[in-house]
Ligand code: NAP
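Have a look below at one chain only, the form predicted alone, in structure tokens format.
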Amino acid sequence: MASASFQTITPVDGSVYLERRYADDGEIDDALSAASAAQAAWAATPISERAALCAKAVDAFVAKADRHAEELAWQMGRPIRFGHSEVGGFEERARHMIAIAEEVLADVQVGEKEGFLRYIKRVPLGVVLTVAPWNYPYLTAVNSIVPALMAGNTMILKHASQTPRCGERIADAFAEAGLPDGVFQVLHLSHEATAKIIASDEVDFVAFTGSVPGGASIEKAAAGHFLGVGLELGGKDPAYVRADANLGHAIENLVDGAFFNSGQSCCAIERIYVHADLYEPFVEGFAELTRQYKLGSPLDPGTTLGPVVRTSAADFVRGQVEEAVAAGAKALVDPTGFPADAPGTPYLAPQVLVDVDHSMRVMSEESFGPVIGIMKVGSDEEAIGLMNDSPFGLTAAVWTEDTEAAIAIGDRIETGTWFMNRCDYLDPALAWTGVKHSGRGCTLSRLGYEVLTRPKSYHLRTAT
């Protein structure tokens, strides 16, 4: 019996971009068996050889950057002019994790003790399942794929139905590099099949990036099966512009941090608090720069703001804006200045709201679209309270010329990453992690390898 299929509807024009068939039970069983069968030999492969193969895969992937950029535009709507930035980020993260692997995965020495040899090995977990999202389909996937493989695990990737070709392109790169059979595989899976695999006791770790409800579903499927789960979930990331901030730099960076990728980033800036001393010029400059975006087809090289992923996502943001305005907020951007903006389509003009407060959904609920609310504050203390008034805690940022003040404020902010004078960026040398509803676990950096391995202690008596 043939398995069901799914279609990817492009936000460019609402047409069917591609169609794929979900893996059936037999294909899933075969993939799990192949991953398990390949794991021991892969774990026994020297790290230097794993690194060489992974590096070749990165080379193969980067060589086709133009194709990736165009396919990203069709699948999820990012302007083609920005597609290369995701390829560059994929390369940066992959090469960093490859470069540090041998040192990080080396045996842990615990000191000499007469008559004994003692050390701790970092042992791979086994089979890792990565469930990747559509909004940064390469950047999010690479966070777990390369370190999992470098640590000696085998890998199965399930990509979002909006971006299935991205998973296939990663598989193409590893195949071109000559990765052994069964070490890296891609399956197109329904939600039900994904949950079944997680609960099958045939995978040893799940790396998930997506929504809070999606994370809850992953945890539910994993419950009672004693496997590790890494969750990178939503955000409502705040920024604070202090009175001593460089105004022009803050405006330029925060506009980009709010609206890049049409605001469809877990670590996008979604709410801004500005000290009263800078509030008026900041709001004026922010709105003016926002009005300079060009909304249109992501295939047009001149477009700087593409459509959101689907019409329902655009309608969600429109609803947040309408509710806020009805409750007293003021919208500073006239959508008629963006001819492509059209209700009933995913083409949505950016919006800047003032006179907002935390009773409004736009300031408390993840928007995942091109809208930002800006509030005036009178002190650091007020800003800290508002920044922490959220169920999310992925990243947060401050604009200031005072590093000591930035550190002191950061120590009190409930967040996984704290920025000063930048935002919406992931440094692969630092742990990528969140608190509260933004998830649990860690990817990238030295610490990212810890969740993809387990410690195995060796306690050897050498004198009897």
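Note that residue numbering begins at 1 and tracks the sequence as displayed. It should be emphasised that the depicted structure is a prediction, and the values quoted were computed from it without experimental measurement.
This protein has a second form, the form predicted together with this ligand, left out of what is shown; the following refers to that one.
With a 4.5 Å cutoff on heavy atoms, Asn388 does not count as touching this ligand in the predicted bound form; it lies far away.
For Glu71, no non-hydrogen atom is located within 4.5 Å of this ligand in the predicted bound form, even though that partner is not displayed. When this ligand is considered in the predicted bound form, Thr140 lines it closely, a heavy atom lying within 4.5 Å. Within 4.5 Å of some heavy atom of this ligand in the predicted bound form lies at least one heavy atom of His191. The single contact residue among Pro124, Gly210, Gly257, Gly393, judged by any heavy atom lying within 4.5 Å of this ligand in the predicted bound form, is Gly210.
Checking Asn135, Thr290, Thr303, Asn153 against this ligand in the predicted bound form, a heavy atom within 4.5 Å turns up for just one residue: Asn135. This chain is displayed without this ligand, yet in the predicted bound form the stretch 157 to 165 from 157 to 165, 178 to 186, 242 to 250, 280 to 288 comes within 4.5 Å of it by heavy atoms. Candidate site formed by Ile218, Leu233 and Phe368: every one of these residues places a non-hydrogen atom within 4.5 angstroms of this ligand in the predicted bound form. If you take 101 to 124 and check each residue for a heavy atom within 4.5 Å of this ligand in the predicted bound form, you get nothing at all.
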